[in-house]
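Single chain ahead, by itself, as structure tokens, in the form predicted alone.
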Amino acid sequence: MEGDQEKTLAEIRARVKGLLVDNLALQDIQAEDIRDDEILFGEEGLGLDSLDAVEIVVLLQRNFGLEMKDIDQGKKIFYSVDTLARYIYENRKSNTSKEQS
């Protein structure tokens, strides 16, 4: 069961990296070059900015059907590819549970 979770998270991380590279102005960066724990915003990581954050919100909605209802959570969720993937995984999982009940 835990292996399934890690496999799914790995798939989501790969998809997120591809979406970031394809949709944001990340020059000379390949999806496989992005580490799972790489900081997305600021000078230390990929250097994304507030416009990129808006684009990520749109990508979450368009590709995963997720909405950011609590903008205060954004800083925590958008910290790295891993935190984004875990947010997607947890919210997709809870949506699936709601659909089944």
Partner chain sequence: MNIAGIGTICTRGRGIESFAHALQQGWKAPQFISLQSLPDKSFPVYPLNQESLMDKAVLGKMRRADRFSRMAALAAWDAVQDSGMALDGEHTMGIIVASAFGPHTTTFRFLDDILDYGEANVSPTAFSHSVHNTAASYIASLLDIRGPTITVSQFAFPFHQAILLAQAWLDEKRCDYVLVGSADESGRVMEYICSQKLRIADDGQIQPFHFSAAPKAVPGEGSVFFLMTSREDGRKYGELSEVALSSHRNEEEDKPDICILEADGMAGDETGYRDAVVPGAFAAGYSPLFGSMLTGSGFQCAAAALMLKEQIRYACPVQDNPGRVNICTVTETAEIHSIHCIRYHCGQKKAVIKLRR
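Everything numeric here is computed off the predicted structure, so don't read it as measured data. Positions refer to the first chain, counted from 1.
One more form of this protein should be noted, the form predicted together with the partner chain, which is absent from this view; the next part is about it.
- Taking the partner from the other structure, the partner chain in the model of the complex has a heavy atom within 4.5 Å of a heavy atom of Gln27.
- Remark: Lys69 does not count among the residues lining the partner chain in the model of the complex, judged by a heavy atom distance of 4.5 Å or less.
- Residue contact with the partner chain in the model of the complex: Lys76 places no heavy atom within 4.5 Å of it.
- The closest non-hydrogen atom of Glu55 lies within 4.5 Å of the partner chain in the model of the complex.
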